[in-house]
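Quick setup: one chain, the form predicted on its own, written in structure tokens, and binding and motion questions come after.
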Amino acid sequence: MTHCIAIHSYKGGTGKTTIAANTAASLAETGKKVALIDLDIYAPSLHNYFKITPKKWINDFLDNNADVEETIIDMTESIYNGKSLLGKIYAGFSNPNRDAIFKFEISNGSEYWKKQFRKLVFLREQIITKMDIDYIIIDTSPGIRHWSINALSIADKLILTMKMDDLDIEGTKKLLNEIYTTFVKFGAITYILLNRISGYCVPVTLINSPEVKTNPAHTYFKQIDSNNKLEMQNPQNVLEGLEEVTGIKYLTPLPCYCDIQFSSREFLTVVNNPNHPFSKNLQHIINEIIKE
């Protein structure tokens, strides 16, 4: 049975693409055949992540100008460079060309979006039947847009990523109450993933703060006035509050790994640095997801 997992967020900058790509690679290393699909149509970035310009884009398949085998590319050799691997990792990329993006921006009407939904269902079916895939991992567009909702609709498991700021917390709550309840009603398993919490590294200006020394691993800090007064929030309290209000489960939070976030190019940490805390924590999260 093929599982389809969509990574989504209320707004950008929550690490969707990094989590999606590393999840796909981690699953491939366990012997699974995985298809990683960029359905962030409005701001595609997966092609830059892999430094590739494919001959055919996902857009070509959706426009009936390419078969699924032309669109979903075997990336195993280029990623592992001859290293023995139990599984396979494929990827499909969205076209970053302005005209390709504008085509979705200017299109509207319920019939158009129904047609696009049917195409996404067909894409999923073609990947499953023609490529014998175990997992499909989807990187979606953030927010509440028709395209995002369509992409979520073809998945059986949804991961809603968020960060510890008020706008993202409230936006996530809105998504859960207004959108995700419908998916849950029809059987989709949904999780909240809080990403980039404090604990792995702390800003230099806060190193000597008594609050950091007291509880560095479980506290989120933000400057709230010119005197560097700090307001403290506990990620666990935020997650438990969201679960209480929405009934949606949460996954183990991921710390902010600054050596990854601020590197010139983060690329598949689970492959290049399997002993990094990110790699190990992500595997723990994957285990939480696939056990259901």
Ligand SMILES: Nc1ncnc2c1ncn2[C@@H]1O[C@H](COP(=O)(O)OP(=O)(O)OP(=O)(O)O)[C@@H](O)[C@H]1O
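Just count from 1 along the sequence shown to find any residue number. Predicted model only: the values in this text are computed from it and were never measured.
Another form exists, predicted in complex with the ligand; not displayed. Remarks below refer to it.
Interface membership of residue 196, defined by any non-hydrogen atom within 4.5 Å of the ligand in the predicted complex, is confirmed. The ligand in the predicted complex is approached by residue 257, whose closest heavy atom lies within 4.5 angstroms of it. Although the partner is absent here, residue 266 sits close enough that one of its heavy atoms falls within 4.5 Å of the ligand in the predicted complex.
In the predicted complex, at least one heavy atom of residue 14 sits within 4.5 Å of a heavy atom of the ligand.
With the partner removed from view, the residue among 171, 142, 96, 87 that has a non-hydrogen atom within 4.5 Å of the ligand in the predicted complex turns out to be 142. Taking a 4.5 Å heavy atom cutoff to the ligand in the predicted complex, the contact residue among 252, 234, 261, 65 is 261. You can rule out all but one of 88 to 96, 151 to 159, 188 to 196, 67 to 75: in the predicted complex, only 188 to 196 has residues with a heavy atom within 4.5 Å of the ligand.
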